[in-house]
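Given next, in structure tokens, is a single chain: the form predicted alone.
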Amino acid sequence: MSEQALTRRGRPGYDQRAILEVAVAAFIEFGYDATSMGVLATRLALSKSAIYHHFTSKDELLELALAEALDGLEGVLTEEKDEVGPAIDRLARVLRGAVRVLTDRLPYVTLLLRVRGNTDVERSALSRRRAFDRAVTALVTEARDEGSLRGDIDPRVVTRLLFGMVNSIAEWYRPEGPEDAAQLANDVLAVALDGLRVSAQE
């Protein structure tokens, strides 16, 4: 859902974005199932009815939070489709974009990575994530077929390994840390596409 949609509805004096951010932090800390509207009300110093004035249910909060992450990732693919050039370069742009989304929307992506499919909202989010993975796998396959990537590893495995590395950033990255998002993306591309081994000098 768009930023405009998030701020359009609600009682004056309350910020829907702030409520959503608190809910995401609680879902990450306690788990979605264990986080009640009462917990959110206590954290926000609001009544439950005040929260319900903004959001119809806890499910809606989760749906909006997961969409924040998924819309960003899908936007990276949309940008890539408008690009031309070798598949390996387009794959690099997707990886760089995924790192950007993760660092810009860190709590939301963290929550997405913890979804297990226990609710309809979670299952819908996982379906969108699988579609994203399939699109990346198709790009990996194209890069392999053009001769830019080695051909002895299944593209599906390559995709899982690439995003295993990208997703792990959510566990340790801190925006206030010494490495900014752009340099982090450079590091991911260096490891993912160039490797760590130093070439032998002649």
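The numbering used is simple: start at 1 and walk along the sequence shown. Quick caveat, the model's predicted, so the values are computed rather than measured.
Below: the form predicted together with another copy of the chain, not depicted.
In short, of 35-43, 160-168, 65-73, 130-138 it is 160-168 that has heavy atoms within 4.5 Å of another copy of the chain in the predicted bound form. When contacts are defined as a non-hydrogen atom within 4.5 Å, all of Arg150, Ile153 and Gly195 contact another copy of the chain in the predicted bound form. Checked against another copy of the chain in the predicted bound form, the residues Ile88, Leu106, Leu77, Leu126 give one hit for a heavy atom within 4.5 Å, which is Ile88. Ala182 falls outside the set of residues with a heavy atom inside 4.5 Å of another copy of the chain in the predicted bound form. Although the partner is absent here, Asp15 is not a contact residue: none of its heavy atoms lies within 4.5 angstroms of another copy of the chain in the predicted bound form. Heavy atoms of Val188 reach within 4.5 Å of another copy of the chain in the predicted bound form, making it an interface residue.
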